[in-house]
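Consider the single chain below, provided in structure tokens and representing the form predicted alone.
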């Protein structure tokens, strides 16, 4: 079915931090590529006028990505601004007027979730919701109940097909390429199942702390911030079956099937940690029990993956900044020809800081002893300057109506179902030293053969 392209973009929170760091640079890139040619209406309560918004946007571009004079001139011609309180119907009357007859606007809520219901109700009452799409930022709730409430708010005004829940992580090129690699290379299928894979581990490490975001992070924690969304999406890309068709619903159907095959995580399968010094961060409660590190174990009870444990860890103030997946293959059997324990093959997908796909293979040692050692066959691709950034990709797709990279209602609720009980279980939190791989108690959540710690090669 041909999708209707949105004929206007209204973004609430136009003077905010997200707009400054991500949205304006993405809008300029879209204008430069010719994918954005419709009016852009910023909405905020800042006491500003259009010239002040343009000055803010220009400063944003200079600070984040660079100002392109020709693209900026076009972007400037598309910008509109409505200043007003979200509780005031007059604000939305002004939005309706600024839409100037647009029939299929896209409303982008780059605002706190606590304001969603008020804005949605005002859009409905003003008539600006008719024929529109709704783009919302994560978090999609903080537990299952709040996610269901958020869906109630959105679905009372918009059909599911018109709701675009942004998880910009899905738009990263390496994340998309990982799924493409699986389904476009015939040698992967015979290996990528419980018969040959012993375990899978996913690591998302950051070598920095909360970077002044203590107030936000202390209400969130690692499981909510990156595991329940980003890393579950990554896991689904790794484990889903090939979709029947190349459309958004077929792709999202397969991802939901993965989550449905996972039981809620038990307290024994989660270890939480907090780095020394976190309690001194501005905005953090002095007795905070929020985790800055989490390691968990789960099982996907599907035909392909039954019996294969999945290990996920993520944290701040770890030794490196890197996200990668390692799948360990089962060892070959010992025979008279190859006696003793053989090295273990593995397949590695690195998502960042570069895109790497590698295979560890067993070869004869050079010392003539007849022993064997592992060699890694590596293919690496470095980001290109003209690559689409994730926010540009998701905004482009939302405006065109392509839902493939957006979380569906049932996916969001299934993901919360998996982590909700253990988040409410008040599991202990263990301290760890900055620039280490988490608390020693995390050894209880360790893949067979241990974690494969990412090693970064210094840039020449």
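Just so we're clear, the structure is a prediction, and the values are computed from it rather than from any experiment. Numbering follows the first chain given and starts at 1.
There is another form of this protein, the form predicted together with a small molecule, and it is not shown here; the text below is about that form.
Not displayed here, the small molecule is kept clear of residue 181 by more than 4.5 Å at the level of heavy atoms in the predicted bound form. In the predicted bound form, the small molecule lies farther than 4.5 Å from every heavy atom of residue 303. Although the partner is absent here, residue 226 is a contact residue: one of its heavy atoms lies within 4.5 angstroms of the small molecule in the predicted bound form. Using a 4.5 Å cutoff between non-hydrogen atoms, residue 257 does not count as a contact of the small molecule in the predicted bound form. With the partner removed from view, the residue among 313, 328, 350, 230 that has a non-hydrogen atom within 4.5 Å of the small molecule in the predicted bound form turns out to be 230. Just one of 213, 142, 96, 297 comes within 4.5 Å of the small molecule in the predicted bound form, counting any heavy atom, and that one is 213.
Here the chain stands alone, but in the predicted bound form its contact with the small molecule, taken as any heavy atom within 4.5 Å, falls in 203 to 211 among 355 to 363, 203 to 211, 188 to 196, 263 to 271.
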